[in-house]
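Okay, so here's just one chain, in structure tokens, the form predicted on its own.
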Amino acid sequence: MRVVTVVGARPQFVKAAALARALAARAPGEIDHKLVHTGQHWDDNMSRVFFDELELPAADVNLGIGGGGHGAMTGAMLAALEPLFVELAPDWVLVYGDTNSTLAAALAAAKLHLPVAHVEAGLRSWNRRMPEEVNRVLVDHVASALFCPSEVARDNLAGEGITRGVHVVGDVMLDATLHHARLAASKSPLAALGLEAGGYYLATCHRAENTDDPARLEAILAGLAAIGARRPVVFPVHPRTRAVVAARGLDTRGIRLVDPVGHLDMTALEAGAHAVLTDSGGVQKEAYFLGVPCITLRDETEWVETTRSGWNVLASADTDRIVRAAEAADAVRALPRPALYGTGDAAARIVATLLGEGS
């Protein structure tokens, strides 16, 4: 069986690494796995270092497509992927999450009548203004195998009439977090940054809804500065966010801006934080897996189970709500933290299903 994995963005490298390990664990010659990198994230700190740290095999093909608007990027990927899929003739095209790379790969495969397997199927924020929401909905409707991280995701698909090929397997991010937390413990960056476990907040912010809206980004930075008077706020700055902050001359006093870090360092920073503030879906889950309170800088989240548990609080881009949520982090740590996303074997279950062995 030949499986072609298509990735392009940082969170997908983490998920693909978990699947690559599970694919490689099968009997020799059972699966021919090809990895295609679209190039959507091209910065070394955002891409190459992840392949190195995550022990993800080098891409068999790198399309080198990055930058530009959504239409131009997705169109260029479609044009490049179609002949590649014809050449490789995969039995499955494996895509992850909700990026332009995922949408392009799913559309190219579907038009060639190649089966698409979607990891993280069924997630919904119910906000169609988010490009990611549009991408994930479209991909789910052309996928042949839909791998859901939770029962909520399955219910979302059923509400849209999608019931065939749906499998609740748990979350591959849990597989990855358990694996990488062990590796990260041996190379924690806390000492080099002058930090103590539990003595700082960790922040990330990169989504267009925040970075492209001056009022929202300014309010978020004000909230981070306010809580920074209590504990240091460490903020690995996404290139998009850094460019916006510089262009608009936004005030970042009281916030410790650092360059993007590799995945293992990020895992260690998350594990040691008093609380995490983020607009990233992946970081929300990693915080939950690691037992760290999360404050989400969005109006909604796809990971509704984490908010229902109390471990994740939606603070939007509201300075006062950000401050109140940060002050409540100690109380959050006293709450139960149920196993919401499986037991850490999602990747193996996905591979078994692709091979026709059941879910």
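Residue numbers run from 1 along the displayed sequence. Quantities reported herein were computed from a predicted structural model and do not represent experimental measurements.
What follows is about the form predicted together with a small molecule, which we do not show.
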query	finding
Stretch in contact in the model of the complex with the small molecule, which is absent here, among 243 to 251, 164 to 172, 262 to 270, 79 to 87 (heavy atoms within 4.5 Å)	262 to 270
Whether T102, V139 and H141 all lie within 4.5 angstroms of the small molecule in the model of the complex by heavy atom	no
Any non-hydrogen atom of N156 within 4.5 angstroms of the small molecule in the model of the complex	no
Heavy atom of S280 within 4.5 Å of the small molecule in the model of the complex	yes
In the model of the complex, R207 touching the small molecule (heavy atom, 4.5 Å)	yes
Interface membership of R10, the small molecule in the model of the complex, 4.5 Å heavy atom rule	yes
